[in-house]
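Next up: a single chain in structure tokens, the form predicted on its own.
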């Protein structure tokens, strides 16, 4: 006989039978009684991943890959990471949580220079993000050596997304526990912003968010007119979103990291620390004024 039962009913079954031997066969439980009656009980555990989360190569009955979902949770639990396409470039910003007061501010960066025309920001596990940044640099260097021109944005995003996806196909590797944002500037195509998640899925955006508080940040991004914003204006808007997502009573202190690629600069660069501090103070002052007005 076959039963579809809750795990709460198993103790009652055990009490009603004597000399029961329990054998675990994947997600099936076989109870053998002294009357030689075999009772198979199938317990549906796909929703919690039991038995289906041991490898990234295993699909659950409802078509989910739990290892990839766990990697996405690792990315979602990190500091807020934002990206914005502007009329004159791309700006990326990261809320880097300071785990200790003794840490130097410049250590453990989550924003990376990839090439003269490309930048990258990481939400999730920092070491995983650094490996993807290194891979992106190698792809850009190889393309430039062969074709004597910068690597197109869509091709760079496609190559890195494919590399990420491969790590969800084999049992001897694990998915990358991070979501990355890639920004580029092309003289012909203009600014481009891509986001790649741990499954290898990637899309092009005007503005995007990853990490803790991303839903509220997305709501704020949707209210902006990206075609009218300059990179300088975007710094303040991103600082406001990060400040709004940060709860000083619960969250640890944080450092704001920003990187941009502007048309007038001609190449990617880190945003100067004094400029970051200025927009952060403006954002915090605005938040205090709004709080007092309420």
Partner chain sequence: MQLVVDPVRHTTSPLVTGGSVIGIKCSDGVVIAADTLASYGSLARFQNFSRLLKVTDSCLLGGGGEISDFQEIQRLLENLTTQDFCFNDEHKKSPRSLHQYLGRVLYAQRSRLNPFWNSLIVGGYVQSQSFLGMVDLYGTTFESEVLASGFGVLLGLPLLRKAYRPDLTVQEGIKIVEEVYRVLFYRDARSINRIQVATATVDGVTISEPYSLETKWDFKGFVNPRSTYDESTW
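Residue numbers count along the first chain shown, from 1. Note that this is a predicted model, so its numbers are computed, not measured.
Quick note: we don't show the form predicted in complex with the partner chain, though the next part is all about it.
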item	value
Heavy atom within 4.5 Å of the partner chain in the predicted complex - the one residue of 229, 268, 239, 65 that qualifies	268
One residue of 201, 116, 107, 215 in contact with the partner chain, assessed in the predicted complex (non-hydrogen atom, 4.5 angstroms)	116
Site test, 69, 73 and 77 vs the partner chain in the predicted complex, non-hydrogen atom cutoff 4.5 Å	no
Partner proximity in the predicted complex: residue 100 to the partner chain, non-hydrogen atom cutoff 4.5 Å	no
Residue 172: touches the partner chain in the predicted complex, heavy atom cutoff 4.5 angstroms	no
Residue 148: touches the partner chain in the predicted complex, heavy atom cutoff 4.5 angstroms	yes
4.5 angstroms heavy atom contact with the partner chain in the predicted complex for residue 135	no
Segment that reaches the partner chain in the predicted complex - one of 204 to 212, 136 to 144, 77 to 85, 158 to 166, heavy atoms within 4.5 Å	136 to 144
Sequence-ordered list of residues in 206 to 242 near the partner chain in the predicted complex, where near means a heavy atom within 4.5 Å	none
